[in-house]
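One chain comes next, on its own, written out as structure tokens in the form predicted alone.
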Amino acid sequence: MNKVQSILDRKNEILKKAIDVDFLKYKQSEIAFDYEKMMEETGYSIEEAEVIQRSVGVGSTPMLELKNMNRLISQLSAPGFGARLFLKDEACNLSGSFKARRAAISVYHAKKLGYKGVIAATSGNYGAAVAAMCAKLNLKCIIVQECFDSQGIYQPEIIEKARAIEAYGAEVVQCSVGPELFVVFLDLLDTTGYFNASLYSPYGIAGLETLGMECVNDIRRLTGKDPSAIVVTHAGGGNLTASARGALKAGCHCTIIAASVDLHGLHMASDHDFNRKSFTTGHTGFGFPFAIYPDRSDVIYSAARALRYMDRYVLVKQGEVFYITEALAKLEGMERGPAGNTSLAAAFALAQGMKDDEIIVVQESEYTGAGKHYNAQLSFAKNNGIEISMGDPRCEIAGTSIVLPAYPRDIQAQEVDLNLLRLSYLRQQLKMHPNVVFVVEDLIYLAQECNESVEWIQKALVELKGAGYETT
């Protein structure tokens, strides 16, 4: 048996040793597990998370009304329409992104348990956050990145993030696109005995709940009312899951809207496609797979379960995000990283269809730098044969072209049919459990997972399995 297969065969053993959660304790059946009990028993309360974060310079970031952008939205909207946009400026966190909130709790917990170091697998922003927190708490840190193709060509955004990670004193291990990253990650956890600071652990989600709560409380303080919607960039699901949970804990039941960059046609594990995209996160290559199969992550049960919480899901094009990134700088004097502006591009379009007394919160920004800047990204795309033009963004083809909007009104938000994602989620369950007869506990669990009724789940299962199928 070769080393790679040996490591993969011991995956659950390695992951259990590297994180202080007995995930199987929450298993209720072959299908269901008690998600809320897992969060309650293994995470931190939102009050505890706030105290920890404030002690390391994280959280309580500014909430800014985008007044110049709002004037533009008003000009583009019909009378009585044009919701106000507010931006939660998470670039003000230690390490420059909202992921500092996740890292603060995970690294604190590792220190509390006596681990000597921390490991995380990430394209970069979270890696910088973990490295910064480890520097604060005097722990060793290793960040594993997927960053180059078989020709040794690196994504500029990932290299910029690696620079930031190393600046905090952490070690960076860089891998090629494909399965190598997960094997290297498991091997390092096994050989070092370090803590797994997973993006998808209950600790990471608990840390981000403070962001959702702050978004609601900030808007209440500034306007005297609740936001109508919070728009969240969606990739692995942790950002959306935790922000929604935090808003609910603040007593707010506003609309939670997921937003991803549309990279249909590109395969995230493809060596050929790896450098034909301009976004390393916040895109459909992560957003769709993690929505329909959240447990594909580096923990046994992921605490990031976005389909439970999203009320709507919209897509924007790469060119639209680059455009709104430049607009944010030129209209508001805020130069922020393109990936963090995915939700802003979506919100800009959505605001024009909402009433002028409504409020949309864009719940995060991120720092920018040489490799993350949109000029570097567009230059990299052009050097890889991507056609750059101005016109109708709907004509953009991921991996072939990037179309910058000719006018602000050209920015649109394409709606995703959530029922199709729910059905894909159920197909995945049927694929993994082909011979299971779903019992009541399973149906309740699946209804929670899909944010639907038990009756809807039963009907969907019958349609997917065939007319003769029955549940008990």
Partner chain sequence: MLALKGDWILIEQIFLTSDQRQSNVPIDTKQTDFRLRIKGFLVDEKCVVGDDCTISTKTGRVIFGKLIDIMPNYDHSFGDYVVETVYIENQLRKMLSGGSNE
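It should be emphasised that the depicted structure is a prediction, and the values quoted were computed from it without experimental measurement. Positions refer to the first chain, counted from 1.
The same protein also has a form predicted together with its partner chain, omitted here; what follows describes it.
Just one listed stretch, out of 67-75, 80-88, 94-102, 237-245, contacts its partner chain in the model of the complex at the 4.5 Å heavy atom level, and that stretch is 67-75. Its partner chain is not shown here, but in the model of the complex it comes within 4.5 Å of a heavy atom of Q174. The closest non-hydrogen atom of I159 lies within 4.5 Å of its partner chain in the model of the complex. When its partner chain is considered in the model of the complex, G193 lies well away from it, no heavy atom lying within 4.5 Å.
Contact annotation for A206: none of its heavy atoms lies within 4.5 Å of its partner chain in the model of the complex. Residue-level contacts in the model of the complex: of D311, E358, D392, D187, one residue has a heavy atom within 4.5 Å of its partner chain, and it is D187. When you look in the model of the complex, the only residue of K249, K382, R220, H264 with a non-hydrogen atom within 4.5 Å of its partner chain is K382. Although the partner is absent from the chain shown here, I142, Q151 and R163 each have a heavy atom within 4.5 Å of its partner chain in the model of the complex. In this stretch, 279-298, not one residue has a heavy atom within 4.5 Å of its partner chain in the model of the complex; the partner itself is omitted from this view.
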